[in-house]
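Just the one chain here, the form predicted on its own, laid out as structure tokens.
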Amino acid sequence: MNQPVARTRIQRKNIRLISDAALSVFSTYGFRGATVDQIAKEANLSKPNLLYYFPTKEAIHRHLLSTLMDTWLDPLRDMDPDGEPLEEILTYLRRKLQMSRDHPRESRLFANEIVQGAPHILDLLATDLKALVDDKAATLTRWMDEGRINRTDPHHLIFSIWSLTQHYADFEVQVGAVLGPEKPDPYPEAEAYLTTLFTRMLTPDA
């Protein structure tokens, strides 16, 4: 069985350069609007050099999305079925909000892919993502059955956390325009608001 060839330090560096440049270009122009020439220019590499590592624009895009999917799902994977339910949900919420704050380009890249019908990662959405969400939905349902959190639709609870946290990255310009320069950092207030919202919704009546 052939072993994968280890990449040199320069090769690893160039792949990081290409990935970061592609992230910037794709998150700005979307897949259709981006070109290999733009990515090469952003990475400060020649086009032939870039194509040595990734033969097509599709290959670069797929590489980014696959990496992003794995990183994006880590907080949901870490939701502990044996933990305290409300705290596990709020921890997931806060981690998703922190990811929007720290990685807005990645969030916009993923959003652009979904808006286009997920042509490059639909198989991952229908397999890996679905399996993980179904598993966590079962945990949420168990907590509801035990009376530890209020009953609600578990899938839509997860969807609402996605939308309410990623909004601050995907619509960063809109958020900034509405809040104005006197509130340059919306995240502390967003965390406080969302924590209160989900705490009130999920805490069972005494």
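Keep in mind that this is a model prediction, so the values were computed, not measured. Numbers follow the displayed sequence, beginning with 1.
The next section is about a form of this same protein that is not shown, the form predicted in complex with a further copy of the same chain.
Contact annotation: N44 falls outside 4.5 Å of a further copy of the same chain in the model of the complex, judged by heavy atom distances. In the model of the complex, none of the heavy atoms of S100 sits within 4.5 Å of a heavy atom of a further copy of the same chain. Mapping the unseen interface onto this chain, R94 falls outside it, with no heavy atom inside 4.5 Å of a further copy of the same chain in the model of the complex. In the model of the complex, a further copy of the same chain lies within 4.5 Å of some heavy atom of Q38.
Site annotation in the model of the complex: the residue of T141, T67, N49, Q174 reaching within 4.5 Å of a further copy of the same chain with a heavy atom is Q174. Contacts to a further copy of the same chain in the model of the complex (heavy atom within 4.5 Å) from stretch 24 to 51: S27, T28, Y29, G30, R32, G33, T35, Q38.
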